[in-house]
Structure formats: C-alpha cells, structure tokens
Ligand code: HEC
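Encoded as structure tokens, the following chain is the form predicted on its own, with no partner shown.
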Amino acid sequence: MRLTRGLSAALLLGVALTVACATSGRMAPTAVPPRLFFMGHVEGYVEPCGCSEGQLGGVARRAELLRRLRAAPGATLLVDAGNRLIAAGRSGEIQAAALALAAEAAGVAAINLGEDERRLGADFLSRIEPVRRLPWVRANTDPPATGRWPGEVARTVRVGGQEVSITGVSEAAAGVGDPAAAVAEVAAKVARGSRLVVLFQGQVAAADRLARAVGRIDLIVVADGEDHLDAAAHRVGATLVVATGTDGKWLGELPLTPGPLAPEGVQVHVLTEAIPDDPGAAHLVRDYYRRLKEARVLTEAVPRPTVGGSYSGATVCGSCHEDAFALWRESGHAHALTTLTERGKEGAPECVGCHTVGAGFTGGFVDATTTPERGGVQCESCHGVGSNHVDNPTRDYGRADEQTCRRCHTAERSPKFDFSTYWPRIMH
C-alpha cells in the first residue's frame, strides 16, 4: 500500500498512460479502469477545530481533494461505510443536515446505515430532508421501533462499463440481524460478472469472518473507528478488506481492475493542511456554524449539577490571587471565547466546552449572550469549582497537572501540544 499526503500518484500515472497511447500509432488506446473512493466513520466531524496546526480531515478539504482526483481520466465511484451522524437534538439535526449536504455534493453513491445512525432512530433520520434522500444501504438492520429506515437493501450502479452492487451491514449486535445471512441473500441476486461491494460497520476481524462466510464478495469497506492513517488492506480469500479509520481524516482510493482486487492497489490520501478548502464546501461549513448560533442550541441542554461547590468566576479568584490573575488575563486562555467568536463558532457545542468555564454545568457558561462572564478558560476550568475554596481557603484546593491540561489539549485538538513547553507559560 502507498500512503500519500496530497494528490494521488495515480493522477500522474493516468496522464502518462494517456500520452503514451496517443503518441504510439501501433498501440490501441488502453481503457483506464474506474476508481473507487472510500471513507467512513466520520462521526459528526465537519472540520478540524482549528485550535492547533497539523489537524487532519474536514468536508471542505475532502471536496477539494475529490475534485482534483476526479480530474484524472476515468470514471469514479464514492462510497461511505457509515457511522456519519452522531448528535441528537436540534444541534444534531443541524449537523446531520450539513454532513448530508456535504455527502450529496461529493456525489456519494452509497452510504451504510451504521450503529450511530440506528441510535438516532428512523424518525430522526427521516425528518431531515437532506439525510432522508441520501443513498443509504442497509441489509441487516431490524425494523425500527417507530417509522421506517431510509434507504434500501442494496444499490446497483454502473461505473466505467462495470456493474457494481453495493450493500451495507453492521457487525452482529442488538438491532441487527446476522450480517453473513443478509449479504448472502444479496449476493445470490448479483448478476454474473458484476462486482459486490459490502460497506461494513464494525471491527475488521468481524469483516474478515464475513469474507470467509460469503466468498462472493469483491470488496469490504470497514468503518472500524480506529485511529490509523492506513487502510490496513488485506485479502481474505478472493475478497479485499480495507478499513477507514476514524473522523474522516483520509480518503481511500482503489482502481477497479479486472480480476480479484489487490491490496497493493490501495492508496490513502491524508487530508492535511496542504489541501485547501473547496469554496462551496467551505460555505456549507460556515452556514453550519451560523445556523447553530441562530438556533441558540447551547441554551437547550439541561445543565448537570456541579460537584464540590459552585462557580465563582475569575474575578473573584483574582481578589486574592492577584499575580496569578494578572498572568491569566494576558494569556490565550483568557481570550479563548473571543477566538471562537472571531471564527463564528461561539454557538457550536463541540467547541465551547474547551473555550469557556463550566459549559454544560449549573452556573457555568450557557452562551455568549446569556453568560459572557463565563467566557474564556478561567481558573475554575483547571482547578474546579471554587465557591468552597472562597469560603474556606486551603492549600489542597484544585491542584492542576498534565492530565488536567489534556482534557482539552488532546492528540486530536492539539497534536503538537507538549506539556513541558507550555506549562511554564501559565505556571503560577
């Protein structure tokens, strides 16, 4: 397998083949095989949060990468192995609509109905028009408690002169039937000479068992949810199995050449900062954050009770800890909410938890309009609620350490975060 961090080498190869065929009068033109692009386990990941350099993924980068890859000769087919939508409530509806519109604009030919979608329920999926009209496939999903699942058991498409049947299943669990039996039923109806692609949500080992049980499968694309930047491509008999990783950080590519598909043909295109945002998809992302803010989704959640007192705010802390307060006031932590506001993200649930104090808890941040005084990463973000300490100051209150920092400075949000470098800048 080859790992690329930008445009595929297949683009140059395709151009070279075209030139070679055109300049040789003794050679018949060689048909370029169609290419299948695959992804999965996006899990609500609209774009990198932007809090650090080096973050991967995002619908706008993916749209631009697809545009570039499709500029090469030959037909293409895009599939999604599922687990795209995760959030419920009004914010979840807005996010689901944005991700559905992005998938539709990308030209996805089939998307598996995964565990995350089943958890949201048929009624949720069906009432959001962009979600409802996506080309869902679902061969082993049990009937829902209410409503009807969108989509169909399988879809058949033609790409580059090939007929490809695509179905979707999930690993055996509550709410789904036996994936092997479901795929075998689909396989029995696939025309001779057609390819069978299975979009699978679950573990790679379970997909391998499926490949052994149903030998008719050409390709299994697994939404495995593991954090890796390779497709883990391997063969089980005549079946090629590939995995998608998590958060849509990369896009897989595979030429649909004659005969059994080979692991060596799989390429991975990592969605790095070197790939600019597609303007249309970037507009969709901005509209997503605008809709979250206008709907004031942050005010809908019922706050959880605090433990160990209540929030006092940085100003109260500063009345005793003047030096620490002065250091904090000049830090990036103090202006964390402003950072969101400048980017139009102050209404996004996925952002405010690490840019404010007490978001989601009683007495903490609600939204920028209701509780502006709780904006920024304040003292109690790291040390815990402070009212009991204000009433009875003790030295053992709220000691912060590396684990405290890593609640927000995760490998995903801050891939270059180094505790030994940053701690001295805020130590007090």
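Since we're looking at a predicted model, the values are computed, not measured. Rigid core: the largest C-alpha set superposing within 1.5 Å between the two forms. One-based numbering along the sequence shown.
Separately, the form predicted together with ligand HEC exists; it is not shown, and the next lines address it.
(request) Answer for Ser319 alone: is it within 4.5 Å of ligand HEC in the model of the complex, judged on heavy atom distances? (result) Yes - in the model of the complex, heavy atoms of Ser319 and ligand HEC come within 4.5 Å of each other.
(request) Please run the contact check for Ala232 against ligand HEC in the model of the complex: heavy atoms, 4.5 angstroms, yes or no? (result) Because no heavy atom of Ala232 falls inside 4.5 Å of ligand HEC in the model of the complex, the answer is no.
(message) Given that ligand HEC is not shown alongside this chain, does Leu65 nevertheless sit within 4.5 Å of it in the model of the complex, heavy atom to heavy atom?
(response) Because no heavy atom of Leu65 falls inside 4.5 Å of ligand HEC in the model of the complex, the answer is no.
(message) Taking ligand HEC as it sits in the model of the complex, is Val157 near enough to touch it, meaning that at least one heavy atom pair lies within 4.5 angstroms?
(response) Flag for Val157 set to no.
(request) Quick one: from Leu56, Val32, Cys49, Val366, grab the residue that has a heavy atom within 4.5 Å of ligand HEC in the model of the complex. (result) Result of the distance check: Cys49.
(request) Identify, from the list Arg216, Arg132, His228, His335, the residue with a heavy atom within 4.5 Å of ligand HEC in the model of the complex. (result) If I apply the 4.5 Å criterion carefully, the residue I get is His335.
(message) Taking 4.5 angstroms as the heavy atom distance cut-off, pick the stretch from 353-361, 217-225, 196-204, 180-188 that is near ligand HEC in the model of the complex.
(response) Comparing against ligand HEC in the model of the complex, the contact stretch is 353-361.
(request) Report yes if all three of Leu101, Arg127 and Val153 come within 4.5 Å of ligand HEC in the model of the complex by some heavy atom, otherwise no. (result) Checked in the model of the complex: no contact with ligand HEC for any of the three.
(message) For the stretch 287-311, I need every residue with any heavy atom inside 4.5 Å of ligand HEC in the model of the complex, listed N to C.
(response) Result: Tyr289 alone.
(message) At a 2 Å cut-off on C-alpha positions, does Glu53 qualify as shifted between this form and the one not shown after fitting the rigid core?
(response) It does not reach a 2 Å shift.
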